[in-house]
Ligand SMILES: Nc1ncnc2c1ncn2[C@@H]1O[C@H](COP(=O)(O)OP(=O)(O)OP(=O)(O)O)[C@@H](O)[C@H]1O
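The data below hold one chain only, encoded as structure tokens and taken in the form predicted on its own.
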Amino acid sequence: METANILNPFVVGRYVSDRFFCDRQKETEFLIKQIKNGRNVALISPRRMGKTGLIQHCFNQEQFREYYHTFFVDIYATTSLAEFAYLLGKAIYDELKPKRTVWTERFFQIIRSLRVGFKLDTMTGEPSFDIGLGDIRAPQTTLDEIFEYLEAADKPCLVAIDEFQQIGSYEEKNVEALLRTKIQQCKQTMFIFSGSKQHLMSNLFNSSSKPFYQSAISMGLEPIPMEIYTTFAIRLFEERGKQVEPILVEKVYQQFNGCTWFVQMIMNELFALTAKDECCDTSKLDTAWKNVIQTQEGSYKDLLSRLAPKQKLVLQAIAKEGDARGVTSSAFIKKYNLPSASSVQSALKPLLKTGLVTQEGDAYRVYDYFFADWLANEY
């Protein structure tokens, strides 16, 4: 996509091109080196730190683009092996369909269990992937065929599986062992296992009792250094005939501890609030913050409506506290009119499991900075 087509250069939630991607040079080099040397990678870091962007950025580099078939599948919402097989097959087909090579045309020849989903568009005559989860009758067979297809490719394949820790919660037994065996048998297919539940991912790859133990090189993501991001932001403003005060960029960075998605979201709004030939300064920050929260308010209300009453109370208390410590102490319970220490503990478990609340040491906080602010002010 050309620069002229990007109205706002602070891209959020997707990868466009190198030009709108900030830094990660060392991480890019490290990841590419591991794959080129035949090592699978476990990419582990908190949500919204930029894992997906880094993977897509690496896929866009010549070393990968020219010499590998690259596939990306997000399994965050999956709960079974059938869903995993379905999304993996669909991701591969969707990526290959436009390429029209001999190998792509063999998709349904090799992955025979998905032939039920092979349809020809009545208008164009083009093949399509028209299959539902109910059509995956034998997920292990489908997976065998998918891996057979990848191994038969005309060049090496690279598969990135996002939120890989989900396989540990599938309804079937021994999924980890099953996938480990299939992946271990691959000779020309490499994998990037990306995950945001750090303790689950670490357990998957670093516990000697787990099938994936030492099967991948572990890699983390730290925030992009503030000075590098500040230079990046100034450049994007200047390229569009605008200016931004460095102190404003630094303030935004510090508010979110350098967490990429949140920083980009505010910078996107600040850019939108700045006219051409104007300098964006700190006076615009409150407006930008309110605008971002306003766009998310509907989803926040919906999310809150699906929580149990005690979970709401604990979530709201943590949001008001910011970094909440001693959440089961009598002082904390009294301050926020919570029922009891045991009810706080039972409410915290699902909040931590879903990622609404994160824990660092003895401190808890609402992960989404905007959601936390909305909660603290609305309730």
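No experiment lies behind these values; they were computed from the predicted model shown. Counting begins at 1, following the sequence as shown.
Keep in mind the form predicted together with the named molecule is missing from the figure; the text below concerns it.
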Work out which of the listed stretches, 325-333, 341-349, 309-317, 51-59, brings a heavy atom within 4.5 angstroms of the named molecule in the predicted complex. 51-59
Answer yes if any heavy atom of Arg47 is within 4.5 Å of a heavy atom of the named molecule in the predicted complex; otherwise answer no. yes
The named molecule contact in the predicted complex: Gln166, any heavy atom under 4.5 Å: no
Though only this chain appears here, would Gln264 touch the named molecule in the predicted complex if you measure heavy atom gaps against 4.5 Å? yes
At 4.5 Å between heavy atoms, is Ala153 in contact with the named molecule in the predicted complex? no
Contact with the named molecule in the predicted complex, heavy atom within 4.5 Å, among Thr260, Thr104, Thr274, Asn268 goes to Thr260
Given that the named molecule is left out here, which of Ser196, Thr230, Thr189, Thr142 has a heavy atom within 4.5 Å of it in the predicted complex? Ser196
Sequence order please: the residues of 8-40 with a heavy atom within 4.5 Å of the named molecule in the predicted complex. Val11, Val12, Gly13, Arg14, Phe20, Phe21, Cys22, Arg24
